[in-house]
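Form predicted alone, single chain, as structure tokens, below.
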């Protein structure tokens, strides 16, 4: 297994280079970069003056200096390797929108997205796996049908619609929860339990919105996989030989049914930090999802590349983690 993991880590290098190079080229090709944005703002300021000189807002030398500052004065491949060399030194560049180091911009929002991502992973797996097991064992029962209706509704309704409905009903209507924000204004003045209560109070509705779609996918994945294994020949053979149904479920069918869940858990690691910019926009939460979306809209390409570096590394590590979890769940898997 050690040799396999070593090869997988080596394969991460060309994959990472391919992902970042492709996005880096896109940021250089699409119009409306940071220099164009500065020129447009300068043009608007120039037009707003009463004198209206009508000349160019910036001189050619100033434009060349801006291109050199943002690394746009070099060929694409050379500029990419310059950027990659800075990344290897843990330098993600400077944000063209905030004029701050990219890492500092990301670092302020990283704990927020990590909180929602970790809580979403834990809640979905701790609830969906037992619920899927119960639904598979009690297929077509009243409990199965009722829970299926709720799960299907959560899957069918978009997450941003769920967020708006929850905010209107429980935030504005009943006033049970705050209307937005990650913490209250007096968060720093509270004790430990007060901070915990305030945090849970502010994040209850966003967490419910995050869970709406993913909850249905994992629940039915667990149910359908377990039902397939319960109808397999090896389970019927075990029951025919006198093995009780609970033992057939827990000792045989259950382990095989957890294989897709283990694979999905590893893949989810690469996505849990990104969150949803729509959910964060609704609840006024400055997370990684909203930061990435606003960076694309504002053409803040250093931040776009910084977010890409973190998300792609997590995704690649998550794939390896998924393979390890599958090997732990399925003893038939051997890495050679």
Partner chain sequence: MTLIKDPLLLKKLEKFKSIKRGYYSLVLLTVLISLSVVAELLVNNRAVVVRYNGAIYFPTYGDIIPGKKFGFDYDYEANYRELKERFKNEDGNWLVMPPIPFNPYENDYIEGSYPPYPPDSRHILGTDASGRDILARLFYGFRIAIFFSLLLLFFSYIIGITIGCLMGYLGGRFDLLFQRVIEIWSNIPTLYLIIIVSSIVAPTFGVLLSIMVFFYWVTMTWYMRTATYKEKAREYVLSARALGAGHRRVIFSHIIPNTISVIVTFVPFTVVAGITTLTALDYLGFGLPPPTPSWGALLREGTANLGQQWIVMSAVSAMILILVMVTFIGEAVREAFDPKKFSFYE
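Numbering follows the first chain given and starts at 1. Note that this is a predicted model, so its numbers are computed, not measured.
FYI, the form predicted together with its partner chain isn't displayed, but the following is about it.
- Using a 4.5 Å cut-off to its partner chain in the model of the complex, each of 26, 152 and 245 places a heavy atom inside that distance.
- Remark: residue 230 counts among the residues lining its partner chain in the model of the complex, judged by a heavy atom distance of 4.5 Å or less.
- When its partner chain is considered in the model of the complex, residue 40 lies well away from it, no heavy atom lying within 4.5 Å.
- Using a 4.5 angstroms limit between non-hydrogen atoms, residue 69 is distant from its partner chain in the model of the complex.
- Put simply, residue 10 is far from its partner chain in the model of the complex: not one heavy atom of it is within 4.5 Å.
- Distance criterion of 4.5 Å from any heavy atom to its partner chain in the model of the complex singles out 157 from the list 199, 87, 94, 157.
- Put simply, of 169, 98, 115, 103 only one has a heavy atom within 4.5 Å of its partner chain in the model of the complex, and it is 169.
- In short, of 103-111, 234-242, 122-130, 254-262 it is 234-242 that has heavy atoms within 4.5 Å of its partner chain in the model of the complex.
- Residues are counted as partner-facing when one of their heavy atoms sits within 4.5 Å of its partner chain in the model of the complex; in 82-121 not one qualifies.
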